[in-house]
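The form predicted on its own is given below as one chain in structure tokens.
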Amino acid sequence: MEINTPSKSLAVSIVSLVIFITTWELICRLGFIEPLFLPAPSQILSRAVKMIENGQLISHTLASTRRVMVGFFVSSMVAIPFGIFLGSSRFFMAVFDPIISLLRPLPSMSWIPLSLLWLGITETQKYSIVFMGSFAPSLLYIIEATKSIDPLLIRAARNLGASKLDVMKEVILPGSLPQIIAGLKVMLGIAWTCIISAELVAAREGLGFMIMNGKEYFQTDTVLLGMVMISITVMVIDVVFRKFERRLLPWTR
């Protein structure tokens, strides 16, 4: 069966989601699974309504979103110029490559004890976890995007009299931006992984804290609600990111 239009694709996706939720609800209501292990979607929805009414759900969601966006923004603002610079210079790439290779394999969880010792349980500590977890991978994406520019284009621009700054503005940046944006979108998902890891260990608010708190009190519906909110928030941010990408890169439409 072929799907030829976006509207048909959307309709199929909606039907698939409705079938999934309905099946889940029926399995729980018929008693095949204990609510303690897997509550029904209606139970999760009921918990969501209660937490919206007392303001907790919005508060936790905004706290996590703020931490991700601040840490990710700072990481991107450092990684983009530094990555373009390294991707354009073989000498400096050789200088910094060993350091990047040491930092890149470290997961965000490994930075948590050190950040707690340095910064304590503060907002700055949460931002630093997002920064450290997303900086090295973002940097590698940007370096590879810069290196992917055809050297013939750069040589041709220089032969026509373009300065280094002109080559950067007219050839390297327009050519590498689509890959840079694609890499940053991937890193945004990883940034969420970083902050949830940090909030699971040491936090007083946020979706990670909400999930851990629900687990402590055997509130499985709260745990699942936190997971659903992470997915919804990432989807909303992704939509905003796509609109930003279309404005920034109109030639890729």
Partner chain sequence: MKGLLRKTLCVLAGAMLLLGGVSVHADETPEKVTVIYGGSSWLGHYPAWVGIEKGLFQKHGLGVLFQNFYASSGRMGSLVAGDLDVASTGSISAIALMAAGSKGFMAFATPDSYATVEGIIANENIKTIADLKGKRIAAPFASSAHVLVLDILEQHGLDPEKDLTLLNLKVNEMPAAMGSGEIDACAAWTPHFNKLLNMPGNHLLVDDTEFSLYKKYKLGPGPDLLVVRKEFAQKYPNTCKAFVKGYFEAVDMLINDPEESAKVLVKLTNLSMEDQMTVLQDISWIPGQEQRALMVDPGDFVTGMQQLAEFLVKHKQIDNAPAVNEWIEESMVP
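These numbers were taken from a predicted model, which means no experiment stands behind them. Numbering follows the first chain given and starts at 1.
Missing here is the form predicted in complex with its partner chain; even so, the following discussion is about that form.
- Listed residues 120, 105, 81, 98 were compared with its partner chain in the predicted complex; 120 is the one with a heavy atom within 4.5 Å.
- Checked against its partner chain in the predicted complex, the candidates 224, 196, 184, 202 yield a single residue with a heavy atom inside 4.5 Å, and that residue is 202.
- Remark: none of the three candidate residues (66, 73 and 135) comes within 4.5 Å of its partner chain in the predicted complex, counting heavy atoms only.
- Contact with its partner chain, judged by heavy atoms within 4.5 Å in the predicted complex, is confined among 206 to 214, 224 to 232, 185 to 193, 22 to 30 to 206 to 214.
- Taking the partner from elsewhere, residue 49 is found to have every heavy atom lying beyond 4.5 Å of its partner chain in the predicted complex.
- Although the partner is absent from this view, residue 53 stays clear of its partner chain in the predicted complex, with no non-hydrogen atom inside 4.5 angstroms.
- A residue is said to contact a partner when one of its heavy atoms sits within 4.5 Å of a partner heavy atom; residue 61 fails this definition for its partner chain in the predicted complex, lying far away.
- With contact defined as any non-hydrogen atom lying within 4.5 angstroms of its partner chain in the predicted complex, the contacting residues in 8 to 46 are 34, 36, 37, given in sequence order.
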